[in-house]
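The form predicted on its own is given below as one chain in structure tokens.
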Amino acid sequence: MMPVYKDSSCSPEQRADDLLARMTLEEKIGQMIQISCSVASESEAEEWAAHRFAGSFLYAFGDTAKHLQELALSTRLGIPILFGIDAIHGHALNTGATVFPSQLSMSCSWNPELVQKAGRVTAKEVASEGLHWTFSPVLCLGRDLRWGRINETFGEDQYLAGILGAAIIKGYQGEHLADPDSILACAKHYIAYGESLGGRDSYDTSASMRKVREVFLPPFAEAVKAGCATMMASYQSVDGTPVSASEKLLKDLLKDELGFKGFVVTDWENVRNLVVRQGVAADMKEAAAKALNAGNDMIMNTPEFYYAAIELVKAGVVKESIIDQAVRRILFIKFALGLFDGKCRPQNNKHNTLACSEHLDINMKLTRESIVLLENRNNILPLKSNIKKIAVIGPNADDIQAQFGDWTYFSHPDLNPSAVPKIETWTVLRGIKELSSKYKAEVVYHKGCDIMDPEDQDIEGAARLASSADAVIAVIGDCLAQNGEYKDRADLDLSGSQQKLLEALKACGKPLIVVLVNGKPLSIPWAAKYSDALIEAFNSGMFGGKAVAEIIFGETNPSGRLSISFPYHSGQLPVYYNQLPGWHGAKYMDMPSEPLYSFGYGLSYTSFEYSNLKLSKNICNTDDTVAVNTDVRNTGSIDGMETVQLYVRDLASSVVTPVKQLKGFKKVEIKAGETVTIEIPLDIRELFIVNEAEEYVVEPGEFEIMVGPDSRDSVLHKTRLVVE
């Protein structure tokens, strides 16, 4: 008789329970181990697959993955391996795959539909190689810009991060996990990781549980609602307790309260770090016990956990039922994913899938909508027909590694700066050159200076070239060495000799168009004041240069809006829009009160006018959904896209609440001269606060409802809503 766990007509729950009952302790704990092939030798990896029953491998590609899978399938129970990869913005560890803009860049599209499509493309390309699991999306918030991993976030706001995170999760996981081209999503880093003190990666987050619930939990709650299959426990501690040792965060809050049904994987070496870095355990046995009791299910890259856990159970220190709970979750996901029903092996269709035309079209659309126009003085853009010679200058004008950013084959699993893309890519220089021929303009190029080395410069040569042109496009920003883990920055000013380069180019007296290629907002008040046009591209992926060129020449009307605020100065931080009131003076005495560029901000080649803000009801109760309506008119001469943003403020509450919070948005295309009525639903339950008792409540009283093109008070139309 066929075992239940091999019967595909049975439910994943039934199959998991049946298989679990057949497993030895060693087989169970083996399923909890993830081995990294970037660390383990070939023979060690084989040993883990064939004799220690490792449940997952990281960075196992091609023939290596096939071989390890066959070893696992030939064991007594034949439990397939789950292969994971960091497909963070596309399947970008493969030199022939589609590379999307970074999360920060794509979030500036404010387009959940395109973000979901990006997830779907990534899933298809990852699945085509027999891989099953991406460690994405990052649902941390980019609130301290000194943090090295700002580029991986969806920006500074929990509402926007939750919407976009849920969208890309749905893209990764598709209609059904068992579909051939669906992969597991992994929401990370749970929780409050980006809020570490001073923007220091993996340091302590000194936040109350009330703040954790109110600010950092909402995106993860949206991930749970979206059916996210896995969650990653973050490196850092929260108020002194490492997340991977916190039963309150992993078991009580995530699993019990939110109802998360998938499994929790630790981040890299989290359990080992309880001993060697954070010092909350004296040895691996104590660390393993803490990790097990806290609710971790899979242990990333701490192989010694395997032996310690076996000893703990045999000695009666840890109950085997705790092991069973973790393994049942892992097996359930493996069955739901279809690994036991043939999906464990590659599809052998990657040559028809990787970077196919359909995928590239989606990428191009998302990239276009992710570029943000920050300045356009005297409507210098689009470039006019009298521009016959263009000087493209700057260290990032022709640097595809800077444009790609972190988490591509240039940086992971090991640094590989000599990697060569197998697909076409467009730097800004290439994009300008290709489009300039259409407008019969000559293009000349000079690097000008290096980003990291102030001595590596030829500013005089760059200025001479600029003087011979009709317009100058300066492409500046930061580089891969300034972004990612271990790359926290104290100074957000332009590095190297970039500021000197800009000043020399401005002195040439020619129109100066500045393009930013960077992994995070930089402090650029001079560029903001003196450039004739300023474009933010962030890490825009393989098509970034093409999309920027289309905007410069007017082939595309820019529609990107910032998902993150820009500071005047590093010392002005934090500058996120949804701060708490009460600060005496509401500013540093030597800095403006507002950020350099605000959350939600971005320009278009047309203009929009808001009017007639109305609510479907002005008095409501907590069970209502109120329709917020506004008219938006395109008052310019060309069609354009506008992102209508809805903010609220609780005017009086039992705890201090932010000056405004995003609670809805809608991106719409409006034709020249057209007026459209935009309706955004506001679920009154979204007006919750977390009170001192950590309870979610909507308190009665007045709320200010604000609608406009961005988060600045000066552009928002306002009305009042009373909740009874």
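Because the structure is a prediction, the values reported are computed rather than measured. All residue numbers refer to positions in the sequence shown, first residue = 1.
The same protein has a further form, the form predicted together with beta-D-glucopyranose, not shown here; the description that follows concerns it.
Taking Leu682, Ala49, Leu662, Leu58 one by one, only a single residue has any non-hydrogen atom within 4.5 Å of beta-D-glucopyranose in the predicted bound form, and it is Leu58.
Scanning Tyr568, Trp268, Phe553, Tyr610 against beta-D-glucopyranose in the predicted bound form with a 4.5 Å heavy atom cut-off leaves one residue, Trp268. Only one listed stretch (598 to 606, 443 to 451, 514 to 522, 260 to 268) carries heavy atoms within 4.5 Å of beta-D-glucopyranose in the predicted bound form, and that stretch is 260 to 268. The closest heavy atom approach of Phe135 to beta-D-glucopyranose in the predicted bound form falls within 4.5 Å. beta-D-glucopyranose is not shown here, and in the predicted bound form it never comes within 4.5 Å of any heavy atom of Lys124. With a 4.5 Å cutoff on heavy atoms, Phe220 does not count as touching beta-D-glucopyranose in the predicted bound form; it lies far away. Though the partner is left out of this view, Phe332 does not reach within 4.5 Å of beta-D-glucopyranose in the predicted bound form, counting heavy atoms only. Of all the residues from 76 to 100, the single one having a non-hydrogen atom no more than 4.5 Å from beta-D-glucopyranose in the predicted bound form is Asp86.
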